[in-house]
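Quick setup: one chain, the form predicted alone, written in structure tokens, and binding and motion questions come after.
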């Protein structure tokens, strides 16, 4: 902040900002937002998802080049399946750890798991962000955590989407483990409800494509916001600190 600057008014930081955040911005142009566990989870989870998407695609649509030798002399698909299962385990453990940190971390760590749909001001900011991303709004707002539109995307594609992929993925794994195993016993009601193994494979594979679409949008939006918005974006998920590019009050 420039010398002699006063604390920004209540409208200066939109949405998720608390009085503590506003007080911090009044002293300096950076706010510590994402704690170490959140940042570690983000990057490990991103790596796990990439491995899952690549191996999942190959499992669902194996190219002819995979037939490189007699089955007794190769283990290519065994390695691919192992990588898929290992990445799934890492993603699942990380997701439960992320849920835990939502309870013990700062208030920004909870954004991914809840949408304040009861707030009229939140919906107004959602509409503002829709216009901003559509290049119909000239001036973006300042946000300490996720902006409302990003929060919606994170909730549906990550919280809901990852839950869906974990449940369907482990149901498929339980099917392979066979009847009588602990995992199959746990998954049996879900498998019975789905009824058809091919349907289960298809919806799990379809879920992968939704995750791929989200990743492309997420990367585009992060780079776009880093360039065009009034705060840092990509570097924030590395350092944990959100840096604002100006000290204008609104």
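Residue numbers count along the first chain shown, from 1. The model shown is predicted, which means the values in this text are computed figures rather than measured ones.
What follows is about the form predicted together with a small molecule, which we do not show.
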Residue 228: heavy atom within 4.5 Å of the small molecule in the predicted complex?
no
Answer yes if any heavy atom of residue 53 is within 4.5 Å of a heavy atom of the small molecule in the predicted complex; otherwise answer no.
yes
Would you check, heavy atoms only and a 4.5 Å threshold, whether residue 92 touches the small molecule in the predicted complex?
yes
Residue 189 versus the small molecule, in the predicted complex: is there a non-hydrogen atom within 4.5 Å?
no
